[in-house]
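What follows is a single chain, given as structure tokens, in the form predicted alone.
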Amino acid sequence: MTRKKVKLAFISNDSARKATFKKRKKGLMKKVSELSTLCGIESCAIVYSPYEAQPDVWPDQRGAARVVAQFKRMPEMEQSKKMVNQESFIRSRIAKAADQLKKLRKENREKEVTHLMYHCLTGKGLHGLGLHDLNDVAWMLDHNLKEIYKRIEAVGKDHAPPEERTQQQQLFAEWMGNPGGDQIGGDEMIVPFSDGSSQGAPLWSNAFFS
């Protein structure tokens, strides 16, 4: 049975907060002791609380004073180099969560657009899609066609005669540029493709895939 995730928020109930403090303090002291023993480092822990007149110190006052004195002898820049307070820790957690959310949104959008692309390629048309979806589907098609062409070129460059390779490249360039018209794929496919010139910039955006 998995442990229930603890909500990181101030405990308003006095007795519950005091019990949690004692339990967490004991665990903290144990972790500091294990870190020092396992890694052979000097460490200390000093915990003040409203429940006791004197602070709790590990390993003892003399050991803690030695570690603190060693820390104070360091240059000021070195002291703050890896220092973390609650605010900076929370900010870093928020930034990390935001990056994870952005990554998940990108992955979900890629899957959604890929599904739309296959849906269109089966001949079911583009009816009901908004401009945003059309733009992303067009970008996905363009991206995959370029990857296919690269793969074909890599596989066939040593086998096909030079004139045949030139003809294949011309046909593909005409398909991608579509110089003969503004549409590709019949009446159902209405997304315009760019000819690569500065005046014919692609309509679609790759904001989700860059």
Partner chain sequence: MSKKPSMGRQKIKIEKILVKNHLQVTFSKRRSGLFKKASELCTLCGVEIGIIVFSPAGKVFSFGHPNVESIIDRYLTTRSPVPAPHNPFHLLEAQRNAAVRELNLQLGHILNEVENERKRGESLDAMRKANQSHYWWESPIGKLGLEELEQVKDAMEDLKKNVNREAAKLVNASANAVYAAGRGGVFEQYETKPSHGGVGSSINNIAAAAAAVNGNFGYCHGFF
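Just so it is clear, the structure is predicted and the values come from calculations on it, not from any experiment. Numbering follows the first chain given and starts at 1.
Form predicted in complex with its partner chain: not shown, discussed below.
- Message: Is it the case that K5, even though its partner is missing from this view, gets within 4.5 Å of its partner chain in the predicted bound form, heavy atoms only?
- Response: The answer is yes: K5 has a heavy atom within 4.5 Å of its partner chain.
- Classify S15 as contacting or not contacting its partner chain in the predicted bound form by the rule of any non-hydrogen atom within 4.5 angstroms, answering yes or no. Heavy-atom contact with its partner chain at 4.5 Å: absent for S15.
- Message: Residue by residue through 69-93, which ones have a non-hydrogen atom no more than 4.5 angstroms from its partner chain in the predicted bound form?
- Response: Residues within 4.5 Å: Q70, F71, K72, M74, E78, Q79, K82, M83, V84, N85, Q86, E87, F89, I90, R91, R93.
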